[in-house]
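In C-alpha cells, one chain follows: the form predicted on its own.
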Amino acid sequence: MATARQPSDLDDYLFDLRGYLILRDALEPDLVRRLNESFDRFPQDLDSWAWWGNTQRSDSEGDNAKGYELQNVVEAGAPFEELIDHPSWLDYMRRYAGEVDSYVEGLFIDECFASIRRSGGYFYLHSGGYHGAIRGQYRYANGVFRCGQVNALMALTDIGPGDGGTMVIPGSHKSNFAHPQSIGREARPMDDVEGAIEVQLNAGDVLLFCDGITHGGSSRTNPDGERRVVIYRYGVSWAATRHGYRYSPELLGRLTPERRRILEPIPPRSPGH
C-alpha cells in the first residue's frame, strides 16, 4: 500500500516557479507490473476510434502518429481504478486543482488515457500561459491555488535518452508571450525548441504538471521497445469530461465512494434519484 504524500513548502515553491514536479517512485512496483500486464492485453489491431468495451482508441493523427492511445482507460480494469485516488498524488491534486476553501471544493478527472509510443513518434508543442484557456489556467491568489487542470503522467517504463520523453518549458504556465516556435500541429517535434527540457523518468515515477505549461513530446529515436504512460488529468469538481465520455454503470457501481465521488462529484438529480 502506497503511503500518502503531502505537498511540502518546497513542492509549492517549485510548482509555482516551474509549473511541474517529479514524484519519484510514486507507483508501487506491483501496480506498475499489473498496469503493464493490462497494456499487454490491449487489442493492437483495434482500428482508430473503434471501441473496446467502454474505452476508445484515439491515436494522434499525422506524421507523429507512431503508437497507440486508449481513452477513458479507467474502464480498462482494476489497476486503472486504483489510480483515481492514488495517495502518492491525490493531496497534490486537491491542493492545486481542488478549489480548496470554496463552496465547490473537490476534484474531477477531466480525461484519462493510456499511451504507447514507438520509434519515430513525437508530440507537438502546445499550451502555455499566453492566450491559455481557463480550463488549463495556472492561478495562485489570496493564499490558495486555483489551477484549472493538473496532470499526473505515470511512467510504466523507464524513459531515458531517445525514448520520447515529455518536454516542458519551465515557467511557461505564466508566460505573457507566445513562444516564437509555437506554430501549431504542423510543427516539428519539441527537440530543438529553445527553453524546453526533456523530463526523464523511471518506471513508477510521476510527472505532475499544470496543463497550462507549454509541453509536448520529444522524438522517440530508439528503434526497440515502447514508451508506456498513463495520464490522468484532474480538474475542478464542476467540470465535464473533455471528450464527452460517460462512465459505465458497472464501473460506477463497483467503485469505492471516494473514487466514485471523483468521477461523479455532482450526482445526477432527477425524479427517483
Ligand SMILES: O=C(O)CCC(=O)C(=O)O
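In case it trips you up, residue 1 is the first one in the sequence shown, and so on. Please read all numbers here as calculations on a predicted model, not as lab measurements.
Not pictured, yet referred to below: the form predicted in complex with the named molecule.
Segments offered: 71 to 79, 169 to 177, 132 to 140, 112 to 120. Contacting the named molecule in the predicted bound form at heavy atom distances within 4.5 Å is 112 to 120. In the predicted bound form, at least one heavy atom of Arg233 sits within 4.5 Å of the named molecule.
Interface residue remark: Leu153 is counted as part of the site for the named molecule in the predicted bound form, having a heavy atom within 4.5 Å.
Contact check for Gly217: a non-hydrogen atom falls within 4.5 Å of the named molecule in the predicted bound form.
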